[in-house]
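What follows is one chain in structure tokens, specifically the form predicted alone.
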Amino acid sequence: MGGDYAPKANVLGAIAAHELLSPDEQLVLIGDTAQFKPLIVEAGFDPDKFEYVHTDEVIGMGEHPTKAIFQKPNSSIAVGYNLLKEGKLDSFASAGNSGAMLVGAVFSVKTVPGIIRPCLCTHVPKLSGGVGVMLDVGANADCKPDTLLQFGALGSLYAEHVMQINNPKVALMNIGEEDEKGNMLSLATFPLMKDTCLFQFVGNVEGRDLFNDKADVIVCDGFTGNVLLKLAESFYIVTLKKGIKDEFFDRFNYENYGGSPVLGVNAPVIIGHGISSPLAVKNMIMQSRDMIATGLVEKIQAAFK
């Protein structure tokens, strides 16, 4: 029921994803079945191919996250997290209220022991044709040095196991490449990353390095990461408005990547864009499958044990 184009976009995305799943992988649709079951039939798809959990409450996009989770226990987000906590789901994804999704993850499946704060990561297209990772992109506007260090470890694990990047290069986003550059946060974080054995640290990078191959994983606080993410997303819109057709800028289309995985909680969780289209929803579901299949959460738990 989440997202600006729900439930239709979610239904069509689920149908598209189903075609790519193996027979032993099952999609569960959570929400007001009276609203979305007719859409499945209308699309000419067999409704029996999905499992359903009916809910009759919806958390609006503008509602206060914590209040909404507790005041609407029969919302699709709250119910989804309860099922995830009970082990009845292997992953949970939604394009609904992102704050409620974050709060729900922390209160239900909880943060992996040893991790200070979970974070959100996003895919970054590279000029060479590859894809990198940037985190945090919005979960933690203010961070401390040890938190950024952990983001580096989380991003490295995600890049290695989900994106199949061997020995990922991890960098710290800064205003200069020199070791002594930056604000108080980056100056305090740099020596921690330089001395760590948790990942391969390659030093500072600047904003202009976001799309080159200096790093596979770029670490920053959630405020900086969200600004960079929204700026990158705007490139695709600008090229469309200017009538520019370019393969590289086409890869900035958020639909191609699905959503943002929440790294550092005890189950696979993905938060989709509020304007998620059927294509974005399909890719969000495929992201979920990849996180399950690679055992990413278990690898994170082992690394922070």
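From a predicted model like this one, the values you see are computed outputs, not experimental measurements. The first residue of the shown sequence is 1; numbering continues from there.
Below: the form predicted together with a further copy of the same chain, not depicted.
Asks: Can you check whether E233 is within 4.5 Å of a further copy of the same chain in the predicted bound form, heavy atom basis?
Replies: Yes.
Asks: Given that the partner is absent here, does F70 sit within 4.5 Å of a further copy of the same chain in the predicted bound form, heavy atoms only?
Replies: Although a further copy of the same chain is absent here, F70 would stay clear of it in the predicted bound form, with no heavy atoms inside 4.5 Å.
Asks: With the partner left out here, check for me: in the predicted bound form, does some heavy atom of Q150 sit within 4.5 Å of a further copy of the same chain?
Replies: No, Q150 sits far enough from a further copy of the same chain in the predicted bound form that none of its heavy atoms falls within 4.5 Å.
Asks: If we define contact as a non-hydrogen atom of the residue within 4.5 angstroms of the partner, is N82 a contact of a further copy of the same chain in the predicted bound form?
Replies: No, N82 sits far enough from a further copy of the same chain in the predicted bound form that none of its heavy atoms falls within 4.5 Å.
Asks: In terms of non-hydrogen atoms within 4.5 angstroms, which of the given stretches 28-36, 253-261, 41-49, 240-248 touches a further copy of the same chain in the predicted bound form?
Replies: Flagged stretch: 240-248.
Asks: Just one of Q164, N183, T196, N74 has a heavy atom within 4.5 Å of a further copy of the same chain in the predicted bound form. Which one?
Replies: Result of the distance check: N183.
Asks: Go through V133, M173, L89, A105 and name the one with a heavy atom inside 4.5 Å of a further copy of the same chain in the predicted bound form.
Replies: Spelling it out, the residue with a heavy atom inside the cut-off is M173.
Asks: Looking in the predicted bound form, is a further copy of the same chain within 4.5 Å of a heavy atom from each of A141, E206 and F211?
Replies: Judged in the predicted bound form, A141, E206 and F211 all sit within 4.5 Å of a further copy of the same chain.
Asks: Under the 4.5 Å heavy atom criterion, name the residues of 118-137 that approach a further copy of the same chain in the predicted bound form, in sequence order.
Replies: Just L127.
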